[in-house]
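For reference, the chain that follows is the form predicted on its own, supplied as structure tokens.
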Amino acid sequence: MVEILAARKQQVLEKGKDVFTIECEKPSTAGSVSQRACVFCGSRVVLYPIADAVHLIHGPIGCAAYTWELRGSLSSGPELHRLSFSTDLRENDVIYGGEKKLYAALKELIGAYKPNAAFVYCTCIIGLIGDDVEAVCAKVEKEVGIPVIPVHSEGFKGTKKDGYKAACEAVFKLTGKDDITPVPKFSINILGEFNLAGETWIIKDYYKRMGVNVASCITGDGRVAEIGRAHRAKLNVVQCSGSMTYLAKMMEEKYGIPYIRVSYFGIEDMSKALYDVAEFFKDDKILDNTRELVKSEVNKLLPKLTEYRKDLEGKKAGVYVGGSFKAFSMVKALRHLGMETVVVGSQTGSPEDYDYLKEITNEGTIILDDTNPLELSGFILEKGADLLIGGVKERPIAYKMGIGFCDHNHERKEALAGYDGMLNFAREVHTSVTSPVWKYSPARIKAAETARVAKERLV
């Protein structure tokens, strides 16, 4: 039986056994070593793919470790986002303030790289020493003539989800700047798609084949100018609902743009995302194009998945990801491979999200909110999972238990969105789960020995 901290008992539910509503959207329990990241991390995740902006971290150099080359967001043009800049605050700066250092860093970086905007990320120490970042940014903006935007992402003041909100407030300041550049009639913005391994390009190609124009992608392969005219698109399509629904709501209130939430992962959710957009425009040609696209892609994909399914049928999986929409898609995608999800959870799910997870999972499935490594590994072992899907923080958990792992977070280098992405996903799951290396894992050997002894005692 997995031990759960008393304060977390309402955040862990077994379908079919527990009837309470799962608790979520609250600060992590002290001592639970949450898998969640901090506010600063959340803001960086969202804004990082804007490739023609300077991203300056105002704080100690250690915070900059969570930036350079860690994320897999690609750019079709400038790659300024791949450089990591920090004001590198030291002891004297903490005592006397870091405003002069911030001003000097901004002037030097903007002069050297000629960006179209600059973001200044406030880290924990800035919240403690009280630098007036707003004033410094306003002064530099006036002097250099580009947006210089403070991102209030002091890590200690909330969770990763609060970082998403800080990023949305920052990027919202770039909208509404361009009322001149033409925007086609059937235009959408994609929100919360970060172009990991080029996924934005896959999705844009689908929309192009449908006859729909993507006015801007916020923030994958992002450009400051495109965001400036995003307010004139007809629809906002929110891919990562946890991070960008807040921005969609702000744009709906100010510019009157409606929004829908979608997922580009797996066959059903990818197809539904395209149909939802097509039906919004109520155009016969777009609807016909969408039907043809979906039929063509699915017919190509299904026979290939069948080959992987032969080896994966009956295997079990655990899923722990940042956003719950991705978790929904993983449960469905694994079914296409003949696999059952036995443990599933997220860092930022809402009550409605967890209700939906209960609907689409089998009896006995463990559903977790804001879990920790001990809980997660305990349930993975208890349920006998053969695979864990997660991010960089979950990878060592899987390897220590001697089971397969699939990286489905921002660090990955392979596209998993769209129909092509589903095939990549199936290939990666198959390769990992069927790898012969696991039979040499100490954890697997110990588990097999324990099972053998237990069997002998029964005899």
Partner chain sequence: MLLRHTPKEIVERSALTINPAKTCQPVGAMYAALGIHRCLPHSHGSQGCCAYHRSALTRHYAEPIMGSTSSFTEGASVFGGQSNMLESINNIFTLYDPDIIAVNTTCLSEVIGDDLKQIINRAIVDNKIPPGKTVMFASTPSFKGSHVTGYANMLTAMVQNFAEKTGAKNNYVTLLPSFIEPSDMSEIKHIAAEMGVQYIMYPDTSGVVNAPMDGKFHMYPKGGTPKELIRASGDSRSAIALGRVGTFQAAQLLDTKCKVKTDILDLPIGITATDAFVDTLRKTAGVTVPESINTERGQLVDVLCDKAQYVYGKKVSLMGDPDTLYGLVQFCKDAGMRILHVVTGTPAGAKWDRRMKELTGEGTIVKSGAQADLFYLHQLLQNDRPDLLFGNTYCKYISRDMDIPLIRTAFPIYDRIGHSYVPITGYRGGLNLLIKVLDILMERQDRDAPEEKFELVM
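Because the structure is a prediction, the values reported are computed rather than measured. Rigid core here is just the name for the largest C-alpha set that superposes within 1.5 Å across the two forms. Positions refer to the first chain, counted from 1.
From this point on, the text means the form predicted together with its partner chain, which you will not see here.
- Here is the short version: of 155, 322, 192, 266, the single residue with a heavy atom within 4.5 Å of its partner chain in the model of the complex is 155.
- Contact with its partner chain in the model of the complex, defined as a heavy atom within 4.5 Å, holds for exactly one of 415, 426, 433, 397, namely 397.
- Partner contact region in the model of the complex: 108 to 116, out of 108 to 116, 199 to 207, 295 to 303, 337 to 345, criterion any non-hydrogen atom within 4.5 Å of its partner chain.
- Remark: residue 443 counts among the residues lining its partner chain in the model of the complex, judged by a heavy atom distance of 4.5 Å or less.
- Although the partner is absent here, residue 259 sits far enough away that none of its heavy atoms falls within 4.5 Å of its partner chain in the model of the complex.
- Residue contact check for residue 90: one or more of its heavy atoms lie within 4.5 Å of its partner chain in the model of the complex.
- In the model of the complex, its partner chain stays beyond 4.5 Å of every heavy atom belonging to residue 187.
- At a distance of at most 4.5 angstroms from its partner chain in the model of the complex, none of the three residues 213, 225 and 280 contributes a non-hydrogen atom.
- Residues from 20 to 43 that approach its partner chain in the model of the complex with a non-hydrogen atom closer than or equal to 4.5 Å are 27, 28, 29, 30, 31, 32, 33, 34, 35, 36, 37, 38, 40, 41, in the order they occur in the chain.
- Relative to the superposed rigid core, residue 20 undergoes a CA displacement smaller than 2 Å between the shown form and the other one.
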